[in-house]
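Shown here is one chain on its own, the form predicted on its own, set out as structure tokens.
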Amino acid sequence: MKPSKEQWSSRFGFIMAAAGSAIGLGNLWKFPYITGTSGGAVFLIVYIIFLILLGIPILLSELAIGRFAGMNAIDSCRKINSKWGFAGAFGIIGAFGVMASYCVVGGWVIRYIINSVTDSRMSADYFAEYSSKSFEPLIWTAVFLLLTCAIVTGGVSGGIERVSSVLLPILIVFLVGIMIYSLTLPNAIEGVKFFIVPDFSAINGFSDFIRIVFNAMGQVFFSLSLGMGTLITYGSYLPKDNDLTSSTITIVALDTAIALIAGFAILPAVFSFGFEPTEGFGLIFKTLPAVFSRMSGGTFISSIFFVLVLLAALTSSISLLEVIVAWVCTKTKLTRTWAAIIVTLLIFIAGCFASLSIGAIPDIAIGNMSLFEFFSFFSDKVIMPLGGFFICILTGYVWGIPQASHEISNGGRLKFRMRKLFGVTVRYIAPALIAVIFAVSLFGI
């Protein structure tokens, strides 16, 4: 098996691509609504703790594994130990599951951009009416996937890196502008308090606390693209002189900053106009359009906001598609272009069923969840945490901390000051946290 010949052309390009993978719908769509439904600042505190205990060590492990092997997610894990390819397989499965629902949301965003530009007023019921349609949502789902596919077919440096290096800075600049505007709205301070001042009275028992903890862990995995093979795949394109520790901290810092900015941009506006932050996954599709309609210059702000959401969604979707495409290219004789087209078509088929399950054909369900909800739940609450758990075991016990540290320190040329903390976290803290929270939340232990 030959390592991939493709590489990032610069450290900046890699950081933008990797951070773009993390900074997606998880930050602009999911983080605000999960925060709103999980107790506000209480959730934020738990989330930041998990970023440190889970996010940094697992992300660093994935980059190290990928750069060491220089292969796709499965073969990179297999190079460390021939029996451990399954650890990378969680990433392939997780990426597909996420994309099956992710592409549907991306399609919604494109539809909302069009509505914003044409100044089409969207009532509170518009989202339910639109998402329940049979045909139209599938068109925009296809458009979103075609955009993603077109970027991935351009390759690592010519497609993913080039696009991410342009889109991410634009996203940051305009999102900061919306945040500043939102913070100047009347009564915005109530949204700020909800976001940063803990209200423990919202926790009515142990089950509420576990729900918040479980949501925080799932959000860390979803937001940072952990356990999906993304960082292993991106790490495989890294040159050996890259400072993995510095890159990891930069990626996590950027991702956290964007999540916080999104929170300060959305929640104060929601409170300012008397809406509730507990809307759920429809927050930016039901509540925010109503908020924008009451703002001075709301049409322009709405257009800019949903364009930013689309940019964020694309920087993540290209990373998810790349994980699968890299594996398919290795295992078949297909070119990158044909691999991307075939995988995109399969995701579109799954996305069609996901879209129809929340509208036209609600009987498409698994248990008490629509297929759309199942794809999301199964990926970021089951597959990704399990993938992260096995990455920790692979790094901490199979590969071993000395060998992993050797890779992270560039063969000893760089000081790895976090080595002891990294070892303790990867071997004990992270897998124990994942196992306990996973068991308590899913099985009621």
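This is a predicted model, so every value here is computed, not measured. One rule holds for the numbers: they count along the sequence shown, beginning at 1. Throughout, rigid core stands for the largest set of C-alpha atoms superposing within 1.5 Å between the two forms.
The same protein also exists as the form predicted together with a small molecule; that form is not shown, yet it is the one meant from here on.
- Ser319 is the sole member of Thr287, Ser164, Ser319, Thr148 with a non-hydrogen atom within 4.5 Å of the small molecule in the predicted complex.
- Checking Val426, Ile434, Met16, Ala22 for any heavy atom within 4.5 Å of the small molecule in the predicted complex turns up a single hit: Ala22.
- For Ser223, a non-hydrogen atom is located within 4.5 Å of the small molecule in the predicted complex, even though that partner is not displayed.
- Taking the partner from the other structure, the small molecule in the predicted complex has a heavy atom within 4.5 Å of a heavy atom of Met384.
- Among heavy atoms of Ser76, none comes within 4.5 Å of the small molecule in the predicted complex.
- The small molecule is not shown here, and in the predicted complex it never comes within 4.5 Å of any heavy atom of Gly388.
- Residues with any non-hydrogen atom within 4.5 angstroms of the small molecule in the predicted complex fall in just one of 38-46, 55-63, 412-420, 24-32: 24-32.
- Fitting the two forms on the rigid core leaves the C-alpha of Gln219 displaced by under 2 angstroms between the shown form and the other one.
- Shown in the overlay between the shown form and the other one, fitted on the rigid core, is a CA shift at Thr148 of 2 Å or greater.
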